[in-house]
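We begin with a single chain expressed as structure tokens, specifically the form predicted on its own.
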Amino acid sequence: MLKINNLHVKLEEEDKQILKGVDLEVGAGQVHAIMGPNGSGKSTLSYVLAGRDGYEVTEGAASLGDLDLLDLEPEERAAAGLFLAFQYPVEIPGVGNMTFLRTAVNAQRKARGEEELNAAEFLRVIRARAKELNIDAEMLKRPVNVGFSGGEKKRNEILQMAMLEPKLCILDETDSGLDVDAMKLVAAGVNALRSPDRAFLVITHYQRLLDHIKPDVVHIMADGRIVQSGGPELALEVENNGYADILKTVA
């Protein structure tokens, strides 16, 4: 599904190298978690995969299936099936949730050569998705994220994910700022979308999210590289002991 090979990336403004040779492979149906200390390059990796401006790939490759991600514009990556859930979802005043989602869904369908959904078809689908995810229909009538709590913003992103049906879902610290109840609701939404043909890359600081979104593989990132990989027990080790012991072994 996702394959990253020796990826080196620098921050354009500061001419500063952030990623220093990332190797990662996430198979279809798998959930991989990336943990690591602040400044290790976790969020940078998500931004580069999504095509955010301000970063320059100096070496390496990243592919989604048969497609070279780094050759595609951000909207082409989205149409190919990549979805990024932000740490801090933006508010879009004046744009209703329904309008935003229908525009996004139909833009991707058009890019893939599929027929666009008319208003009635879209309404049927989004109501069903919202019900499956226990999302209040009133949220659909509000402007995108305006006046939403942190938990509502994250649940709204899960709804966007459900409507767009991506192949690869990247969650960049989606648990940031959430209380326990909100985090459980978001995790339940993610788990509802797990399927054999969809992969997840979950970036987080905390084991608590991984108690609810069970990863197949956990990676530890430090100084721009993945320095250790293992099963869910690796996240527990970090929770109990921090990163110091792991970083000593790879120093």
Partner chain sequence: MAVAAVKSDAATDLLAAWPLPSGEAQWASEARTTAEAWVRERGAPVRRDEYWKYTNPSTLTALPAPEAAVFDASDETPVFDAVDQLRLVFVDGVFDPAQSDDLAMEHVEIEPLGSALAKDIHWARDLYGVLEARGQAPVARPLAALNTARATEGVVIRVTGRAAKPIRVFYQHAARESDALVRHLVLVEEGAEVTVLENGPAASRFNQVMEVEVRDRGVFNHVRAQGRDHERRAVTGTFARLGREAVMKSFTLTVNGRLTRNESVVEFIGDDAVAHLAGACTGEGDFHHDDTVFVTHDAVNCESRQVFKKVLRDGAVGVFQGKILVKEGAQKTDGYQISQGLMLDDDSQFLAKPELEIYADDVVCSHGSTCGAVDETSLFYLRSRGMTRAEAEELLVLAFLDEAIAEIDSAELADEVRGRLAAWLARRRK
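Positions refer to the first chain, counted from 1. Because the structure is predicted, anything quoted here is derived from the model rather than measured.
Not pictured, yet referred to below: the form predicted together with its partner chain.
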Of the residues D179, E115, E91, E132, which one places a heavy atom within 4.5 Å of its partner chain in the predicted bound form? E91
I'd like to check something about L185: if you look in the predicted bound form, is any of its heavy atoms closer than or equal to 4.5 Å to a heavy atom of its partner chain? no
4.5 Å heavy atom contact, E157 and its partner chain in the predicted bound form: yes
Exercise: Y47 in contact with its partner chain in the predicted bound form, heavy atom 4.5 Å: yes
I'd like to know if P37 sits close to its partner chain in the predicted bound form, meaning any non-hydrogen atom pair within 4.5 angstroms. no
Residues within stretch 143 to 166 having a non-hydrogen atom within 4.5 Å of its partner chain in the predicted bound form: V144, N145, E157, Q160, L164
